[in-house]
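Next comes just one chain, in structure tokens: the form predicted on its own.
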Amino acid sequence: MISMAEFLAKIPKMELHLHLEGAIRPQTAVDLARKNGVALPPFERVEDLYRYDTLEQFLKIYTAVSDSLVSADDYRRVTYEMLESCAANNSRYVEFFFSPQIHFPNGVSFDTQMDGIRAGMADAESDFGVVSVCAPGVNRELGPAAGEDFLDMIFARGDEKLVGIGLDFNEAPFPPEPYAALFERARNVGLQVTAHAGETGPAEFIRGSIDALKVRRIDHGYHVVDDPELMQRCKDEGILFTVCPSTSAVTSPWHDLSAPDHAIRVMKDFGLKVMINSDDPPMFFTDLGKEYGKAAHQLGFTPADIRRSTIDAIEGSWLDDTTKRRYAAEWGAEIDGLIAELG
């Protein structure tokens, strides 16, 4: 027999909502900032660097830490460390975001970023067996024109590990619709698409992301619970929500993960497809294993819920159909065996 903690540790996992810059370990951020002569906000203990109460405060620190990345080797290091942490939590496949546009003002080119990221991905796959691909995030605060220029860089790179794009950064004042043409261009060349919506923005931003951007995956999406009609539509259409327990407790209005009306619990109980992710793990003192623990112990996920979430994640991932079927069969059987062992 195994305990719930052992079950959660052993189940195969994937990450579909993880930000490279948000996964930089605090000591690594300090090391790189000192090496590259970058000023960080004042702190007494290194862990105090990652303290904030709102999305806006978080993004300020996120930007400062991002500024510490300068060379390809900096990107290799943080990518490798991120994927090392994923592997330690039995995450076997990772689709991660990174934020190239935030680095351009510092003179760091897209190719420099990708060269380092690719090296870190290759080293992590060799050392830990974790397979990964990446999706640059379009900074919605910079406007569609800057996004179009950025998309040209992605096309020029032509990298098979660049499988999609996301829409991210501060959501509330920046609806998705202005990015419709950009997302159409991306889809037309075979890139997958997703969007941050409904974290701090209203349910209408979720609807706009589905209608204007044609996404089948919503990152966060908690405000869907404010619109019963939209909830039913998302259930009927099989929209996948990549939810993140720890960050939801800070950046969304639902601060108490144990509350019966927490959005993630409501979404899960309604029958929406939700899967568990870590988002910006060291910046919120968590990791994927802890997020699964919070899902089980605070958000009411049963072993059957977690199995369903895993299969939904596989189906909503950007893997090819053959690999999806293989993962669903193999991982499903593995989880069934672990459920049978639960005490």
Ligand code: HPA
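Numbering starts at 1 and runs along the sequence shown. None of these values were measured; they are calculated from a predicted model.
Beyond what is shown, the protein has a form predicted in complex with the named molecule; the following relates to that form.
- With the partner removed from view, the residue among Ser132, Gln113, Thr247, Ser209 that has a non-hydrogen atom within 4.5 Å of the named molecule in the predicted bound form turns out to be Thr247.
- Residues with any non-hydrogen atom within 4.5 angstroms of the named molecule in the predicted bound form fall in just one of 24-32, 55-63, 289-297, 307-315: 55-63.
- When contacts are judged by a 4.5 Å heavy atom cut-off, Arg217 does not count as touching the named molecule in the predicted bound form.
- Contact between Trp254 and the named molecule in the predicted bound form is not found at the 4.5 Å heavy atom cutoff.
- With a 4.5 Å cutoff on heavy atoms, Asp168 counts as touching the named molecule in the predicted bound form.
- Contact annotation for His19: at least one heavy atom lies within 4.5 Å of the named molecule in the predicted bound form.
- Contacts to the named molecule in the predicted bound form (heavy atom within 4.5 Å) from stretch 189-204: His196, Glu199.
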